[in-house]
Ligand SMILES: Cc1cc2nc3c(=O)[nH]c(=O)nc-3n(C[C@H](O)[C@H](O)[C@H](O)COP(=O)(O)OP(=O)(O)OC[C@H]3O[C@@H](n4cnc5c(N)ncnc54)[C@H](O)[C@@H]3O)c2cc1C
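Below sits a lone chain in structure tokens, taken as the form predicted alone.
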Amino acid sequence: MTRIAVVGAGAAGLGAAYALRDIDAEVTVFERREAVGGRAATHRRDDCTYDVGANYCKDDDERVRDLFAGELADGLVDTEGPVWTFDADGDISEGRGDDARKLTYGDGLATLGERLRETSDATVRTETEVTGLARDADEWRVEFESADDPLAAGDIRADALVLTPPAPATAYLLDRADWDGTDDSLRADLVEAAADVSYRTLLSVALHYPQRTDLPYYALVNSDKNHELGWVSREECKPGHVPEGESLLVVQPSPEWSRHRYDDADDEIAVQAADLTAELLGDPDRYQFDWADVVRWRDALPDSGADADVLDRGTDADLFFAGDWVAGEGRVHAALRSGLETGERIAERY
């Protein structure tokens, strides 16, 4: 039986595992966090459900659309309302020409990762960090340890390896990998390809208000990338997310603002984000929230994609890649599509 190891249980890693479920393979997925899904992340508080990483998932790719129309359909909801834009001066304009569906689940976008995990035949090891990689003859050795129990360390052998962490983490793992001499030049090229992908840092701030204001849009996005805020959305536009009459805004400041204040205290970040939001919306009631939740994403969105031709050469060493940085688009649906495509390539090969 073919053995396949997948590092990372975000949309890409789980998408690859899903695509491999119909072949005779033993698939093991390693995830250092407790939850699966990566930036398809959801928090819950006071009867509110809110997406704190990716805000929704599109289905404008055939593979992804087929999934959402089939096994992943249960509980899926459409976000209600359009996305409008604002500029550096805070001037809000109607529409941005994006009519694609904005999908999540009544229980939050994290359901996507949970469903992929349930419907694949893979063994998913959460709270387990991959600490080293080695290429021995014609197989990979994946070394790992449990975050819960440092003594629960070990390794597995795999005929093929799929790397899906953000590009900087992937480059780090490859650079430290123990390869034999024949693969040294290939490893150097792959490390360089991954390391060349730069990332944007983002803070995601959930602000809850006991009262709701009717607005003609679901979200606002900064069109010229010159405002301190990048995104403001209303979770009450997602069916089942916010109790009637209440409001919950998900505010994502610009990457520069997020990077400079990344290590600030949560309450300081929340107050500043609320002030900027109140000014943008022209709504004094938005200065005073009754609770907040701050989530940090160090490597949130890639600025570009890695060199696909270089990454494809990894197949010479039974090494594959998937993720938004492989697809060249920092979106959940792009990461999922990348994982499905990679899984299909492996299935054809093995």
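Each residue number is its position in the shown sequence, starting from 1. Nothing here was measured: the structure is a model prediction, and the numbers come from that model.
There is another form of this protein, the form predicted together with the named molecule, and it is not shown here; the text below is about that form.
At a distance of at most 4.5 angstroms from the named molecule in the model of the complex, all three residues V7, R33 and N55 contribute at least one non-hydrogen atom. For the options L161, A273, A110, L202, the one in contact with the named molecule in the model of the complex, meaning a heavy atom within 4.5 Å, is L202.
Residues within 4.5 angstroms of the named molecule in the model of the complex, judged by any non-hydrogen atom, belong to 165-173 and to none of the other stretches in 208-216, 275-283, 70-78, 165-173.
Looking at T104, you'd find every heavy atom of it more than 4.5 angstroms from the named molecule in the model of the complex. Taking the partner from the other structure, the named molecule in the model of the complex has no heavy atom within 4.5 Å of any heavy atom of I269. In the model of the complex, R21 stays away from the named molecule, with no heavy atom inside 4.5 Å. Contact between W297 and the named molecule in the model of the complex is found at the 4.5 Å heavy atom cutoff.
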